[in-house]
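Only one chain is given next, in structure tokens, and it is the form predicted on its own.
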Amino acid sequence: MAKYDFLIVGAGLYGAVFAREALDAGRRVLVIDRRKHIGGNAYTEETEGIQVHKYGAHIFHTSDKKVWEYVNRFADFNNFILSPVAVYKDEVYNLPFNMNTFSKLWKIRTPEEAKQIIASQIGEAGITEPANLEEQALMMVGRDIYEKLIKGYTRKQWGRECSELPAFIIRRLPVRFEYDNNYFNDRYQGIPIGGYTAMIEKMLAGAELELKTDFLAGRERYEALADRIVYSGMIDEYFGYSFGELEYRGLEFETSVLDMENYQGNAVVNYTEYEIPYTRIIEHKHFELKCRGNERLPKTVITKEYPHSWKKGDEPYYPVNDEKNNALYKRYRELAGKEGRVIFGGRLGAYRYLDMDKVIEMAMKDCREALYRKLLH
């Protein structure tokens, strides 16, 4: 008899939700993670009274009421709304692209004026079937916005010229002819009060937990402990990179505590010039400032994000879902289909960027299916 019904590799959001669902169904669960903490990339840590997002900003947003009700079982959420700004040569523009952006760019006031300018620039570009990201951007918003707010930032983020990137990367970029700085359209938005770590800790309550534990290094021992393996690590690493490495973009974080109350006046400020090496600065205090009433903290914490080329051994952040990598992932996915005891999931297991609500939906679905198969047998 195996000691556990499920061994879950990875204590991030996917693994925590899967664990919670399995535990609530009366199953025995062991969760392990390479890192010294739970939470994966959503991990938060308190510094100077501020919840710091250690691996980049995470704003929860969803239009799925069931998912919203689910996360509220484990945390109270504040009412934070993401409204980033972009800096280009000391000029400040609102994001997503909206009437505030267009008014600043062109000294105009009405949606009709903005539409005419964008339509004129799209016409000048003469693109009908975009073959890459640059052409897609020019076809969506014209040259002014592309040159100032997209080109340099995207080159930094992906480490390639925009003309070398697939068009789909930018297709979901919001463009609004309204004075609306709300980045997401989702009905439910916010950040858990007390941070994501506390929320995920509650999800994992009742599971056995081992941190600083490498599943692949002790594979035979861990495989013998459970009936089923839930693997949320890199799918190519699981198979020993037998077909080659999938590509990712890496990130480095430079975090500083500053002896001032307010550094930049906003949670997220993007820097769109290519010559500035970081893509954005996060000021963590602003994620929770409004929900703290009149409390004043004398210091602030900022994080600069530097994208870089990924190499094996680095933390993987953004899958490079171009044609070559998607074809390679398909081969690994075919191998995964033959692993009867193993469930692959999450951002790394599925090799695609996933918003947090989609990770939760995936974990719940995968767990339901696993429990159902168990009942059949």
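For clarity, every value in this text was computed on a predicted model and none was experimentally measured. One-based numbering along the sequence shown.
Only in words, not in the display: the form predicted in complex with uridine-5'-diphosphate, which the text now covers.
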{"item": "Contact flag, Tyr318 vs uridine-5'-diphosphate in the predicted complex, heavy atom cut 4.5 Å", "value": "yes"}
{"item": "Residue contact check: Ala75 to uridine-5'-diphosphate in the predicted complex, 4.5 Å heavy atom", "value": "no"}
{"item": "Close approach of Ile193 to uridine-5'-diphosphate in the predicted complex, 4.5 Å, heavy atom", "value": "no"}
{"item": "Any non-hydrogen atom of Thr213 within 4.5 angstroms of uridine-5'-diphosphate in the predicted complex", "value": "no"}
{"item": "uridine-5'-diphosphate in the predicted complex: contacted by all of Val17, Thr62 and Met199, heavy atom 4.5 Å", "value": "no"}
{"item": "Contacting member of Gln121, Thr255, Asn100, Gln157, with respect to uridine-5'-diphosphate in the predicted complex [4.5 Å, heavy atom]", "value": "Gln157"}
{"item": "The single option of Asn270, Asn266, Asn132, Asn181 touching uridine-5'-diphosphate in the predicted complex, heavy atom within 4.5 Å", "value": "Asn270"}
{"item": "Proximity to uridine-5'-diphosphate in the predicted complex (heavy atom, within 4.5 Å), stretch among 103 to 111, 164 to 172, 201 to 209, 121 to 129", "value": "164 to 172"}
{"item": "Residues from 92 to 112 in contact with uridine-5'-diphosphate (non-hydrogen atom within 4.5 Å) in the predicted complex", "value": "Leu95"}
